[in-house]
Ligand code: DLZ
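To begin, one chain is listed below as structure tokens, in the form predicted alone.
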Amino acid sequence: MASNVKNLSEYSDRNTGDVSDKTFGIVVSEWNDQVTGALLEGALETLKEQGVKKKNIRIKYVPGSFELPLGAQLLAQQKSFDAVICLGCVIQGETRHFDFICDAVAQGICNVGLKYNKPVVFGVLTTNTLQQALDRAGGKHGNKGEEAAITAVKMLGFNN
């Protein structure tokens, strides 16, 4: 969805339903917290705009993006959560570590959603630089946290 010509925060209201009684778990990586904190703010604001009650949102922190899949699984296995949003940021370094982390996180988050048959949303930035991450965490390219939240809302309305 994101590109250099599309703002991440632009979305249609198509397929958004009443989520006022739905519960959301948000798992946030503490690594690159300047970025992930902004992603969290975007997600929370979007959920609020969609009518989600504050009491129906639970935020949990994990050390880094690599831990997001397990954090998501611990929430997804609880019947009380209707959807889980994963927020993280991996910035390219000088080694291939970036590739392994990004691949593991994406695959892990995907697997959790399939295993528990509920929306488990990938809101993880995988950028070359800190500036690119900031541009996508409330900067000139919008906020991927907002995108992740609206994705969770839309997926909850998928079968309605």
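One-based numbering along the sequence shown. Note that the coordinates shown come from a computational prediction; the quantities given were computed from them, not determined experimentally.
Heads up, the form predicted in complex with the named molecule isn't pictured, but that's what we're talking about next.
The named molecule in the model of the complex is not approached by Leu134, whose heavy atoms all lie more than 4.5 angstroms from it. Residue contact with the named molecule in the model of the complex: Ile101 places a heavy atom within 4.5 Å of it. For His97, a non-hydrogen atom is located within 4.5 Å of the named molecule in the model of the complex, even though that partner is not displayed. Though the partner is left out of this view, Pro63 does reach within 4.5 Å of the named molecule in the model of the complex, counting heavy atoms only.
This chain is drawn without the named molecule; in the model of the complex, the residue among Ala106, Ile91, Ala38, Ile57 with a heavy atom within 4.5 Å of it is Ile91. Within 4.5 Å of the named molecule in the model of the complex, a heavy atom is found for none of Asp18, Thr46 and Gln50. For the partner-free chain shown, Ser29, Trp31, Asn32 of 29-61 come within 4.5 angstroms of the named molecule in the model of the complex, judged by any non-hydrogen atom.
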